[in-house]
Every structure is written in structure tokens, then in C-alpha cells.
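We begin with a single chain expressed as C-alpha cells, specifically the form predicted on its own.
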């Protein structure tokens, strides 16, 4: 007989109630979460959703222009077409077709795509810049086979007025990964950045601000169309324009006069340090670095033994030769070591210790003006010893040697101005003799200067003892606010007695204007000028030729330094170049003044 099972009917309702409670709790949690998502966190998640469905496409800004001191357009921009690939959309099975159309290797494209994906798979990657119209047409023809492939319109530099200006204007290049880590998020792979010269120094002004167009995409990343019909697009802002201090006609002349030479020319307005012309030779065509530079072109520029990429105007360290003699004379006169009438004898050489320091001529008894005029080495050998190394160093500092000029270019050397500490460090304390100082008297030995430093030194001699800051930009024009920001530069008095400068300047006048002067080939008809030649010894070859000068003598408008490598005597090679440049500039000033006078007279008659 089976046992009788008696069920408790109250057990089942209790289980139902427990299940109901669990379900109520679950639905309550879901409801609260839904409330949070729909109401409390709506804005946050809407923004995230929008980011996922809207793709920003950057639009490059037009780089700023450059104008010369007369308002002539020097640096312009033209269109440049760049092929892009959006990694998310691109089908790599079509890679062989793309490679054949744009003539880029498979490895290059894959490498750029990999770098692009690491950044964002939805942002277009630049794979080839500066393509021609034929290539664009082919891509359009095969566009149905190349999803994700497109192009952007960028800008490249164009140059006007016959200017080369490679070391002054500078060039741009594609930003490197190392730079991206240091310059922030405003740049991306494929962007260009100023690399040298003014392009680099004024990059933040010239570059402008990117714009963006926003595209609506679906969950698979496919483009549906412009977001809100393009109403939210951000237009790019053009870069600011630079107003340069250079005279483009003078720059072209200086470049032509230096053709076939190695060396540099720097011409300044001695009154404010404005750079009128700056040339380094050999140079290169900036147009080959505007857009895309083929590897073979870049390699040839770097491998060229003439070093065309090297800026000889600002980066060199040449001995100044006899052009340094005015500084030695100033130190001696200003310290009272000699006066205007002090006479020293020159027998064609100077013996110090067991060494003979030579001169090119026997000058006899000479005072300081005649010593500058005839470039008497023996006079300045003796003078350097009388002044002493420490004072020569201190006066050299006053004229800006051994330190940067503060020029607004991307690079410059400080040169070398030897001091007691320098000789102690290099040769050992107590192991060098005063014989080292003798050579400094004629700008030889360890001293090294750049042509830019020499032009600044010349400007100080011309303007009465004011050390100016060289600069190539006078103003920055904001096209959006239509405002002009003037560049502020610094100048400071050197602190030389005026009568000392008067004596030295007279010696420089005689160099050019009087018989027996070494700079007669820089003479300008109808204009009194002053200058100094220099022939700097070079242990690696023929001597370097120097000339520094200014004009007009009584009211200087231009100061210049010309250095020609391995060219021999400064008076024979560098002086004529300087004379032609000075003459052209003064003629332009005179013509401009005549036009101003005529315009003023005409206006007066009309009134």
C-alpha cells in the first residue's frame, strides 16, 4: 500500500511571490538604467553617438604671402593636389591598380596606411602630394574600383620677381613623427611645416588655421552625405602675410653678382637693422622643395660638395682678416693707448719672439688713419699687443662678436671671439703666449665671424655706434582683422667716444676715396662712401676675400658685408660686388625721392 502524500498548498504561492519580487527588482533596475540613459545621460551619449556618426575632414588653410619693402609680392601660393586614402574604406585588393595609377610603391602606401590606422582609421591619409591633372583624371575614371581614395587641395609656394632667396625665405617640408610628439595636436601626418629661414621662424603666423567639413557616416563607416547640409562646416583661416624688409631688386642683383662664387652678401639699413639683401652661394631653387621633393633631388642637394643647403650668410665662422682692424683701432683709441697722431713704424714685417709676422708692403711711419687706409698689418700687430687680449675681447663683445645677432631667421652661429678663458681651456693655463694675440690684430687666428655679424659691425660704424638687431620682417598683416603688427627690434649704444668713431670712419673713407686706399674698386661715382677690404688666410686653400662698407659717408643708408671664399684679395673681388650693390640701392632711393617730390609738387599745384 502506497503512502499518502499530503501537499501544502501554501508553498506554491510563496514561490510565486518570491519570483515576482525578483522580477520586480530586475525590472526596477532596468527602468532606472533606462531613465539614466534616456534622461540623465542623454547629452553625454548623444555627443558620443554624434562623434561615431560624423566624420571631420580637415581642410588646409592657405599659407600666408610675403611682400618686399615696396609691397611687391615675393612669395605666393598655388594649388597642390594630394591623393588621400581613408583606411577604413580602402580595399587593399585594389592596391596594385592604385600603385600603377599614382606611381607610388606598394610598400610606401601600406606603411602610410598603417601609420594612419594607428592615428584613426576614419581620417584620410596623404599618400602622394603634388600630383598632376592627368593622374587626378585617371583616379576619377577608376573611382568605382577605389573606395576610400580621394584628394585634397592644398597649396605650394610660388616665387616672383626673379628672386632665389633660398636661405632667406626658407622652405617647408612634411612634418616628421618626432616633430608631431613635440608640436601638439594641430598637426597631423602629411602636414607641412616651415623647415628653414623665414618659413620656419614665422611658422605659427604663416600657417593659418585648418577648417573642417563634417560628413555623415553610417555604422560601417560609409559616407552618407554632408552633415546638416554643410551648415556646421568650419572654414579654414588663411595664414598671416609677412611684410619683408628686403628690396627684391637688390636681392636679385646681389644673387646675380655672386653667381659662380662661394660666399655671402648681407646688406642692412644701418639705421634700424633692416635686411635689404641676404645671399648665400651656392644656393638652390626653392621650387624643387615646394610640393613633393623627389628623393633623388634631396639626396643630390645633401651630397653636393658645394653644400648649397648651408647658409653661409649666417652659419659660417670665417676669420675676418683686415676688416677687423677698425675694432682694434677703436679699442686702442677709446682706451687712450694711442691717439690720432701716434706713429708706429712698418718695415714690412714684425718680429715677436722667434716668429716673423709679415706685411705685404713697407709702409714706413704711419698713424692710425693711414694704417686703415693702406691696411698696414705691422701697425695692427703692435696695436693688438698694446691693447691686450682682455680688452680686445671686451670691445669685440660690444660690437656683437661671439654672440647671436638676434636675426629673425631660423638659424645662426655665434662665431668665436677668443678670450683668456678660451686660450686657457684650449691650450692650457700658462701654456700660450702673447704671440697668439698678434694675429688677432689683423683678424686672423682663432677668431671666427659670420657675414651677418660683419654687416652688423659695419652698421654700427656707420650709424655712430648703435648696435642694431638685424631683421628681415617689418610687420605681420592679419587679413581677418585687417590689422598690422609691427615687429619690435632692439638696438643699444656701444658706448664708444664719438671722436674715436670719427677717426676710424675717416680712415675707412680714405680706403675708398683716396689714392693708396685698398678699396678703390668699390668707389661710386658722385657718392662718397667708406669701407675696408680684407684678405683672410685660409689653411685649406686660397685666401677668402672680404669687403665691408657703407654709404653715403655723411648720412649712411646702407651697410654691407661681402665675403667670397677662396677668391684672393678683397679689394679685387669683394669690393666691386659691394660697390655695385650700394650704387643700385642709392640710385633707387634717389629715384624714389624724386617721384615723391614730383607727387608733392603736383598735389600742391592742384590745391
Partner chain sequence: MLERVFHIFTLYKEYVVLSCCIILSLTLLTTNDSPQIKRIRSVVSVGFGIVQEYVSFVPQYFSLRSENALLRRKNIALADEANRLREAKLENYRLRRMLEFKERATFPMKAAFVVSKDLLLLRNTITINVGYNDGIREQMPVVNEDGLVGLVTHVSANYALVTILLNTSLRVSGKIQRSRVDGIIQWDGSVLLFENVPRTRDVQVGDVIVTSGYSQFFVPNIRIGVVRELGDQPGSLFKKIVVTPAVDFVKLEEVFVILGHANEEQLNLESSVRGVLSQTRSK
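Positions refer to the first chain, counted from 1. Each form is matched to the other, and the largest set of C-alpha atoms that superpose within 1.5 Å is called the rigid core. Here the structure is a predicted model, which is why all the values come from computation and not from measurement.
One more form of this protein exists, namely the form predicted together with the partner chain; it is left out here, but the text below deals with it.
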| query | Which of these residues, 154, 359, 412, 269, gets a heavy atom within 4.5 Å of the partner chain in the model of the complex? | reply | 154
| Looking at 76, 340, 249, 485, which has any heavy atom no more than 4.5 Å from the partner chain in the model of the complex? | 76
| remark: With a 4.5 Å heavy atom cut-off to the partner chain in the model of the complex, the contacting stretch among 385 to 393, 494 to 502, 304 to 312, 143 to 151 is 143 to 151
| field | Close approach of residue 238 to the partner chain in the model of the complex, 4.5 Å, heavy atom | value | yes
| Should residue 106 be classed as touching the partner chain in the model of the complex when contacts are defined as heavy atoms within 4.5 Å? | no
| request: Would you please decide whether residue 111 lies within 4.5 angstroms of the partner chain in the model of the complex, comparing each non-hydrogen atom pair? | output: no
| query | Is there a heavy atom of residue 137 lying 4.5 Å or less from a heavy atom of the partner chain in the model of the complex? | reply | yes
| Under a superposition restricted to the rigid core, does residue 145 display a Cα displacement of 2 angstroms or more between this form and the one not shown? | yes
| said: Taking 2 Å as the cut-off, check whether the CA of residue 91 shifts that much or more between this form and the one not shown after a rigid core fit. | reply: yes
| query | Shorter or longer C-alpha distance for residue 148 and residue 208 in the model of the complex, given it differs from this form by 3 Å or more? | reply | farther
| field | Outcome for the Cα pair residue 158, residue 135 in the model of the complex, compared with this form (closer or farther; change of 3 Å or more) | value | closer
